[in-house]
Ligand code: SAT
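Heads up, the chain below is alone and in the form predicted alone; it's given as structure tokens.
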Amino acid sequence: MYLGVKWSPPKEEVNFIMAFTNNRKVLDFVEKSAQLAMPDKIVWIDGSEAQLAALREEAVKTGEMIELNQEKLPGCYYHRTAKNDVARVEDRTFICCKKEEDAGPINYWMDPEKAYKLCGEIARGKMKGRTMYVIPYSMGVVGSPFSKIGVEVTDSIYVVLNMAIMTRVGLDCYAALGEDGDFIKGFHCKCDVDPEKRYIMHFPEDDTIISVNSAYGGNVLLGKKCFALRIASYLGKQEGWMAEHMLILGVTFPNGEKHYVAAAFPSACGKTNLAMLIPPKHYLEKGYKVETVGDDIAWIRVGKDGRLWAVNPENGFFGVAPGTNEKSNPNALAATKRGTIFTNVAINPEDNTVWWEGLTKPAPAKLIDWLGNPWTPESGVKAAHPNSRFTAPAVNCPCLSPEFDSKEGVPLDAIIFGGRRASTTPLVYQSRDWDHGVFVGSIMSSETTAAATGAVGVLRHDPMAMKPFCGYHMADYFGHWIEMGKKIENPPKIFNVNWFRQDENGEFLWPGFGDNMRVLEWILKRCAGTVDAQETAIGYVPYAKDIDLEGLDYSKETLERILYVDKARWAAEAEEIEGYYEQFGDRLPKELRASLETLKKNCAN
């Protein structure tokens, strides 16, 4: 990777380096990064509020960020990305391992030597006139057996400040590494923000991530999807644990019992809403409580008690702003009110606050849109970018679990998979056992809409919601799930949910949002063995009488309709799954093929 001109830091810079860590691997990484990118200056981030405040002030002076109304939004700032740099770039995101077949059919692959050379040529000398920041961070609580340390070098203050929200940044990370500890190396350079030379490279066999020519959070906050899923999923396979694209929530029953659930959903399937769910009124009156452990990523290990235990390795929320409001997700909105960085939303010039579509109705009369242009409701364009974001400290969330900072994690009673299906998939069903549950996760899919693709009902498979984030061959990932099941004496039960069943007119048949608590309650009662279920061709489905409809204007007949399992539809589904599985060839675990054959047999009877 490091193909730059010889570079030697000034003596005082070396002394400054040595004051932070004497880990030779860290020092070599930083020195070689500087040799390549040739910054004018190196600043080592210590995580202190004083240093972060100075960086915020500098970013405001340079225009990289805008300070918002500090009375209404204390500690909050605004940032605009380049117009060509507004989202993750999956077609320029690569897994760089020695053998192409190990990346699998779902990932983009590049030979590591070629990738290092390519990125080296792009980044060489691109930090001239800039400062390189060195960020030590921990995914997870420092000192937890779950946690991993990373060091990211970057030429972006925006990245530094976002990483300070999303991860645990500080000098204690170096203490955890000691003199010889290994860490995940992350090199980020904005370069020219050129979309034609934009690459997000992952080297799972080298514990390395490189990002060039982007300044958008999803591509440059290297602790998030890059480390916490793509690299960590590979590490998990090697070390016997799991890195999953899952929320974690806790449910307290009226008798004081606490239960924890991890759940995986593709985008636009209600993941954040479930993570921060507010139960219906009568549940609250009875004493039920839902608390958020994590909204996006779970690292999972087998505990001494033979159960799976999970932690959220992140320290903040990197959420999509549009659609977030007091009705859809009041807890997420509350989390944005302090110490938050907003990206590509609109600014209300009247009071220097932020706005996005769905926040309020009607929209303000005048705004500054995400491109910096004057905007009115008659402008005919969105004021905020559809993928505009907020980076908010998790501690702001009103429903944050007291176990959020637990070094041991929380024990999982259930794992839930979900997709967006207009028909076929019932509201909820339970797998027969762990291996069947892996099958259920592997066939996760959602149907496209006309607005999204120009075609209705086209299936997009997203196994375990990991399609864009698995750091190695997806079939081997399925196999890792199967192997993990053999290590768990007391495995969580596995379920599938579908909040999106529709009638003939395209109207949703289930109210969703807080009312999903009614399904969550049934799931946890199944885990406790206190409620029965009916066996069907696909697994165990509730009896309608066992789903609480109190306080809901909803008929038992409609509920029975969305719990019905249509064998003919599932027979067609099985044929589609068989075609989908073909891409994995002989690497597909035999247990999944067996589950598929069982499904076909059940639907034929």
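Keep in mind that what you see is a predicted model, and the values were worked out from it rather than measured. For every residue, the number given is its place in the sequence shown, counted from 1.
This next part talks about the form predicted together with the ligand, which is not shown.
I have N23, K148 and K185 flagged as a candidate spot, so tell me whether each of them has a non-hydrogen atom within 4.5 Å of the ligand in the predicted complex.
The answer is no: none of the three residues contacts the partner (heavy atom, 4.5 Å cut-off).
Which of these stretches, 247 to 255, 224 to 232, 339 to 347, 488 to 496, has heavy atoms within 4.5 Å of the ligand in the predicted complex?
Careful reading of the contacts points to 224 to 232.
Spell out, yes or no, whether the shortest heavy atom distance between T360 and the ligand in the predicted complex is within 4.5 Å.
Flag for T360 set to no.
Can any non-hydrogen atom of S267 be found within 4.5 angstroms of the ligand in the predicted complex?
Because a heavy atom of S267 falls inside 4.5 Å of the ligand in the predicted complex, the answer is yes.
Is there any non-hydrogen atom of G218 lying within 4.5 Å of the ligand in the predicted complex?
It does: once the ligand is placed as it appears in the predicted complex, G218 has a heavy atom within 4.5 Å of it.
Close approach of D296 to the ligand in the predicted complex, 4.5 Å, heavy atom
Because a heavy atom of D296 falls inside 4.5 Å of the ligand in the predicted complex, the answer is yes.
Among Y472, W522, F318, F513, which has at least one heavy atom within 4.5 Å of the ligand in the predicted complex?
Going through each option in turn, the one that passes is F318.
Only one of H461, R124, R88, R301 comes within 4.5 Å of the ligand in the predicted complex by heavy atoms, so just point that one out.
The residue from H461, R124, R88, R301 that makes the contact is R88.
Listed by sequence position, which residues of 389 to 426 have a non-hydrogen atom within 4.5 angstroms of the ligand in the predicted complex?
The one in contact is R389.
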